[in-house]
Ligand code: GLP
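Given as structure tokens, the chain that follows is alone and in the form predicted on its own.
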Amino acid sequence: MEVIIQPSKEAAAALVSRIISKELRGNPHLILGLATGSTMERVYRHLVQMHREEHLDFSLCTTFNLDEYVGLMPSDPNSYRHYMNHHLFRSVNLDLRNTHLPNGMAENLEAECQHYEALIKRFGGIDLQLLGIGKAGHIGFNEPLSALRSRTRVKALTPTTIKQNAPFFGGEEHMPRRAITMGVGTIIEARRCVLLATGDSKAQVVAQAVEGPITSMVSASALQLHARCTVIVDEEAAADLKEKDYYRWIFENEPDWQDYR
């Protein structure tokens, strides 16, 4: 795991978008895993700008999203399908037939989970998985006590997650209680993972995930086992990290980051 500290939310998101851009230019057939949430909106704005101004080409790319709420139609403004269409898919030259999210309206949710898992395998797995981190320490909706080998499945959301996401729904009473999510095991099989976290509200959980023990109570801590995982944070989200000076040295001196400085 590498930790890269950037001076601001905007700089952190811009770095993530440049990593995705470089991977996509190197492999036009990239299988890209995507995440949602307010933190990712900056990333998608940068990618749309790169598409418009630098001709970043998404036409051969395939995407798989981490999760979707159970019980929301794709047209629902709070569904992740709607989010992705609004923030990225309809603003670049992605073929919507190549964009995949779990179907939260499926009659047989277990069969839908198995289908989604099989579809990822059919495409050869995910090349680059973009991740955020929830205040409960989750990646995707892998809430505390998620098995570190778990696969795509339905998860009940914790009170912490419901409280965090409720403002988007106009209150906790309107918030779905379940979601389909890629499992921790599914996520860490991606060939590369990039986790973006910004803001002081994420400082404690970032420190737990990066420098704490590997535990199912903080599913993001499983990324410590990944052979190629980069955690990108702004100064606020880095506040509780003990090895901040070392992480800054990595970005300033390691040859792998020369093109991004």
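Counting begins at 1, following the sequence as shown. Keep in mind that this is a model prediction, so the values were computed, not measured.
The form predicted in complex with this ligand exists for this protein as well; it is not shown, and the discussion that follows is about that form.
- For the chain shown alone, residue 36 is a contact residue for this ligand in the model of the complex, at least one non-hydrogen atom being within 4.5 angstroms.
- Under a 4.5 angstroms non-hydrogen atom cutoff, this ligand in the model of the complex has residue 138 among its neighbouring residues.
- In the model of the complex, this ligand stays beyond 4.5 Å of every heavy atom belonging to residue 126.
- Proximity of residue 150 to this ligand in the model of the complex falls outside the 4.5 Å heavy atom cutoff.
- Figure note: of the listed segments 89-97, 70-78, 138-146, 106-114, the one touching this ligand in the model of the complex, with heavy atoms no more than 4.5 Å away, is 138-146.
- Only one of 133, 84, 120, 184 lies close to this ligand in the model of the complex, with a heavy atom inside 4.5 Å, and it is 133.
- In terms of contact with this ligand in the model of the complex, the residue from 66, 223, 43, 218 that brings a heavy atom within 4.5 Å is 66.
- Residues from 146-168 that approach this ligand in the model of the complex with a non-hydrogen atom closer than or equal to 4.5 Å are 164, 165, in the order they occur in the chain.
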